[in-house]
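Shown below, as structure tokens, is a lone chain in the form predicted alone; questions about how it binds or moves come after it.
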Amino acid sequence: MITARGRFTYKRKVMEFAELIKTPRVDGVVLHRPFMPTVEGTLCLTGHHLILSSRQDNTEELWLLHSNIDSIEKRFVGSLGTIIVKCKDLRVIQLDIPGMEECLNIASSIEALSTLDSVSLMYPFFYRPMFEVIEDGWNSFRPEDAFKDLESMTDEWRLSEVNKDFSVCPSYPPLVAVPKDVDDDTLRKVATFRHGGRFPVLSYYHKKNGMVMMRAGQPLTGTNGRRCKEDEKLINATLRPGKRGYIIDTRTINVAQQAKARGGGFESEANYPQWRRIHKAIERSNVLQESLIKLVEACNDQSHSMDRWLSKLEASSWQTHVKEILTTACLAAQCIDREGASVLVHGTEGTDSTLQVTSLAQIILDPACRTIRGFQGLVEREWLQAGHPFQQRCAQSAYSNSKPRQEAPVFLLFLDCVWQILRQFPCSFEFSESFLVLLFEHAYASQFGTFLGSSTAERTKLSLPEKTVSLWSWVNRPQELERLTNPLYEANSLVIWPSVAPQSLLLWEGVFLRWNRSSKCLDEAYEEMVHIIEYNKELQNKVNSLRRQLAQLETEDPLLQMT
């Protein structure tokens, strides 16, 4: 029920939008889109959408969220204005607008509406679903439900409410899994010794051998070599008698050493003698953002020069980042599955490269994470509830003209790595590439509230579960699940080990080249493949039916059994 105060707030927000829209409608606008016919029609601006509709037959309307717009460019030839709209999903569209004043007004409004700072003004707060919500996605992946699965395998862990008011660690959820023998007072002390209060928590339990993977923020050892015995007790509580563990630091030793000067640091061998520390080289967010910009620029290069293309692709270093992240995830999985050792993963904050590694290691180790629902649960646990700052990281994409602040394609790189594994093991994933592309799009711009905010605390403060619809509510409808399902899927209970050789890692064309070249032939081939698979299933069913009939006849006629 909407209260009088709620109606007043809503009207005030609508008024704010109206003030930003100088020209709400222009006729005779021509739209140019990749691989689609040119359309002439009426351009309308609303508080959240740029809409172009046409009276031409069989033309698809354009409905573009302002939040999906990364940047715009204006050009003029006489009185005709052109606006180039560059989107966060990497699409580029062109609008030819008659009249210079109208063009300037439209451009000004788009720039204002696509850069709103207030989260509560974003579309998910206004969106009302046109579909029946069968399952409330906000309640689909609660920590207490995940813990019940853990309890069925081991009694060595407990669910702590130490962070129920988000005061111990602002970026953690209210409930976290910790060793049973470690009390809440100890957790509070450890939180003061870890970056952002991110004390070590359970990320994954390996059912096969009982080994675990934990994640945390860096220890705040500083230049004086500060020590915390409670921290040592906590992570040692995860070790089996006589066993050693591995600490995987996602930073190079040089970067980790430099962190000491800023109060950070790493675990010393003297204080953590049962743990072996391994340093890897996953780049920080500002480097990754620059890499994405260079990659997209290379993909949009129309020069048709092979040397130029290969040179630009290499200069972006994108594939190098993919390789480094996958290599580190394979290392974590190897320590757990083959070495029979527990693992602690951290970088600096523990909200970026740490989550890439822990989530990819689970894709490798746990077949449940390769199902559609299991992957949703993984994104919830290891990204949304684990405090990845989506609001900052996905504020801009590859086309933004403003100076990057905290933007970085951390989640996109994770999805790229998943796609690399999916491509190498095409029958081991229940979901198709379409699901990964969908998650990329919704992380940057969405009608759903799932990726708004940067932590459970922020989402709770914004009342997202009450005021917005979850993406999972949309995805888990039967017709959508059917669209996202991989037709080649056959459940594989084994650990899968992807190749990280440079020759094995390809450019993710489904994201980076989908607006640059037509996918018509690939789409037709995919449809043919689905048709063949369905026909094969029909034939298999007929064979099984005939076998049953033959078995029935044999039981009824003893003479048949003798032949």
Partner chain sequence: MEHIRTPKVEQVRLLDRFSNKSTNGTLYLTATHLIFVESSSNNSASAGQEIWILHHHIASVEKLSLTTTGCPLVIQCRNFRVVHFVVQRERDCHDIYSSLLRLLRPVSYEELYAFSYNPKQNDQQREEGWQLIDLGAEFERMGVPCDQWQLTDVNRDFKVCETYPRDLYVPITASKPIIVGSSKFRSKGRFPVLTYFYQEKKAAVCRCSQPLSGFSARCLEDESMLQAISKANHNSRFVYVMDTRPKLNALANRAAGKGYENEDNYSNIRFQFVGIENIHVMRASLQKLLEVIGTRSLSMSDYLVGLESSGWLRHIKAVVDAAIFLTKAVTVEGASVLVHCSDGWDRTAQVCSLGSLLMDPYYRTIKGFMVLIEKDWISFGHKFADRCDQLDGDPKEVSPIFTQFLECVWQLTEQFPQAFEFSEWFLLQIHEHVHSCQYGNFLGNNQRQREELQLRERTHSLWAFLMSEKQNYLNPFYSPAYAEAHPVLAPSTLPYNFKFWRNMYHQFDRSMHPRQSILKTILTLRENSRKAESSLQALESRLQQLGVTPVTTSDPPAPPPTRDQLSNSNTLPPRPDSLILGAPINHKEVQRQEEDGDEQEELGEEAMESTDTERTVEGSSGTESRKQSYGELEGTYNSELAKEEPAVVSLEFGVARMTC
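Positions refer to the first chain, counted from 1. The term rigid core refers to the most C-alpha atoms you can superpose between the two forms while keeping them within 1.5 Å. The model shown is predicted, which means the values in this text are computed figures rather than measured ones.
The form predicted together with its partner chain exists for this protein as well; it is not shown, and the discussion that follows is about that form.
Visitor: Looking in the model of the complex, is its partner chain within 4.5 angstroms of a heavy atom from every one of F425, E490 and L553?
Guide: Result yes, every residue of the spot touches its partner chain.
Visitor: Indicate whether its partner chain has at least one heavy atom within 4.5 Å of a heavy atom of V495 in the model of the complex.
Guide: Although its partner chain is absent here, V495 would touch it in the model of the complex, with heavy atoms inside 4.5 Å.
Visitor: At the 4.5 Å heavy atom threshold, is I51 in contact with its partner chain in the model of the complex?
Guide: I51 lies outside the contact set for its partner chain.
Visitor: With the partner left out here, check for me: in the model of the complex, does some heavy atom of Q334 sit within 4.5 Å of its partner chain?
Guide: Heavy-atom contact with its partner chain at 4.5 Å: present for Q334.
Visitor: Is W138 close enough to its partner chain in the model of the complex to count, meaning some heavy atom within 4.5 Å?
Guide: Outside the cut-off, so no.
Visitor: Choose from 500 to 508, 22 to 30, 39 to 47, 61 to 69 the stretch whose residues reach within 4.5 Å of its partner chain in the model of the complex, heavy atoms counted.
Guide: The contacting stretch is 500 to 508.
Visitor: Which of these residues, T82, S160, S114, S432, gets a heavy atom within 4.5 Å of its partner chain in the model of the complex?
Guide: Here the answer is residue option S432.
Visitor: Considering N224, S152, S303, Q479, which brings a non-hydrogen atom within 4.5 Å of its partner chain in the model of the complex?
Guide: After the contact test, the surviving option is S303.
Visitor: Can you tell me which residues in 222 to 258 come within 4.5 angstroms of its partner chain in the model of the complex, by heavy atoms?
Guide: Counting only heavy atoms within 4.5 Å of its partner chain in the model of the complex, the single contacting residue of 222 to 258 is Y246.
Visitor: Would you say whether R25 is displaced between this form and the one not shown, judging by a C-alpha shift of 2 Å or more on the superposed rigid core?
Guide: No, its C-alpha moves less than 2 Å.
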